[in-house]
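In the block that follows, a single chain appears as structure tokens, in the form predicted on its own.
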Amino acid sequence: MTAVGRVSLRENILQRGRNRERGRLLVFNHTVLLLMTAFAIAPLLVLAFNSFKSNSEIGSNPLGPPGSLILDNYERAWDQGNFAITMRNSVIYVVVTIAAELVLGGLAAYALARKRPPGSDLLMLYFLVASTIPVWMYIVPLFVQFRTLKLLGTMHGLIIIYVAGNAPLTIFLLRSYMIDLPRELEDAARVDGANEFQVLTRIVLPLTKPGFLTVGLVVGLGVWNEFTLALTFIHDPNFAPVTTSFFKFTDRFARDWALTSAGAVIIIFPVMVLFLALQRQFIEGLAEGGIKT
């Protein structure tokens, strides 16, 4: 065998070894992904199964598929949970909070990213820390303050809390998008006579659209699923959000698990539809925001 032939044979052997190694790695990766998918989907599947069962069947068969479909659970859960009112309230909370966060947070993030006022880096550190503080650490003084201001039990009072609570994360994420935008585009717009507001709306906003979409989804999901603040600051059922509907399925000594499961599916369904429709933009936007500084 010639030297060229030996080299070619050696390369073929190495290539086959690399292909086998790559194949084993793909099998391992796919196995892990399948296990993670099953781990994520299994609770939702059990919840969907239980929403079609009776309470007695849930007690005897809590994990398996239903023996017969009880579609009436959804109608009863909708009426008993007062979902017509609570879902309307939650939509109001979500829409108003997202709108306020994007407008106010966008303006603040633009000012911090482009004007760079003194102490802006310390302020961003404060926003990062504030976004991780659990609500239980300040809920008592906040309750006292809102009682003094006569904002307890009002929708606009709860919206103020949602906007203020989500503001640190909103500003932190949006600034991380804006700070790396090329300044040449903004300078060119200013040379053409654009003012700061036009630069923001016509140059910066289109370039940071994924960031605004990500912030809107994160804030919207957080407000839709929020329970603690709503339970503490809202006492009128006509102003209660959708998560408080679970109380309607509990009496003094027991809980109706069939209606609870059906109610949970009703709450989760619009969120799942929205996330599946926008999952690519959400994941890409969150990843891009996470790698920027």
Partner chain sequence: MTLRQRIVPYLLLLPALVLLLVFNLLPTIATLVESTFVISLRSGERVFAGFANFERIFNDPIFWKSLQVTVVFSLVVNPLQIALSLGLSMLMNQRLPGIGIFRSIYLLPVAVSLNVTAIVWRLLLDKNTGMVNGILHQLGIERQPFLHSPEQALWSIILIASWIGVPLWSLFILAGLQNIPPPVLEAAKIDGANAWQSFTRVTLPLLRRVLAFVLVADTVANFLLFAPILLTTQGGPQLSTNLILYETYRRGFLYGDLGASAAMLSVMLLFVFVIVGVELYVLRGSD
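Since this is a predicted model, take the numbers as computed values, not measurements. If you superpose the two forms and keep the largest set of C-alpha atoms that fall within 1.5 Å, you have the rigid core. Numbering follows the first chain given and starts at 1.
Omitted from view is the form predicted together with its partner chain, to which the following refers.
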Applying a 4.5 Å heavy atom distance criterion, does Thr132 contact its partner chain in the model of the complex? yes
Looking in the model of the complex, any heavy atom of Leu174 within 4.5 Å of its partner chain? no
Can any non-hydrogen atom of Asn29 be found within 4.5 angstroms of its partner chain in the model of the complex? yes
Evaluate Leu122 for contact with its partner chain in the model of the complex, applying a 4.5 angstroms cut-off between non-hydrogen atoms, and reply yes or no. no
Within 4.5 Å of its partner chain in the model of the complex, do Leu128, Thr228 and Gln279 each have at least one heavy atom? yes
Specify the contacting stretch among 202-210, 90-98, 68-76, 160-168, defined as having any heavy atom within 4.5 Å of its partner chain in the model of the complex. 160-168
Tell me, which of Leu112, Leu102, Ala189, Met178 has a heavy atom within 4.5 angstroms of its partner chain in the model of the complex? Leu112
Select from 127-160 the residues with a non-hydrogen atom within 4.5 Å of its partner chain in the model of the complex and write them out in sequence order. Phe127, Leu128, Val129, Ala130, Thr132, Ile133, Pro134, Trp136, Met137, Tyr138, Ile139, Val140, Pro141, Leu142, Gln145, Phe146, Leu149, Leu151, Ile160
Relative to the superposed rigid core, does the CA atom of Phe247 travel 2 Å or more between this form and the one not shown? yes
Spell out whether the Cα of Glu226 moves at least 2 Å between this form and the one not shown when the two forms are superposed on their rigid core. no
Does His235 count as moved between this form and the one not shown, where moved means a C-alpha shift of 2 angstroms or more after fitting the rigid core? no
I want to verify one pair: Ile139 and Arg255. Are their C-alpha atoms nearer or more distant in the model of the complex compared with the form I supplied, knowing the change is 3 Å or more? farther
Have a look at Arg255 and Leu231: in the model of the complex, are their Cα atoms closer together or farther apart than in this form, given the change is 3 Å or more? farther
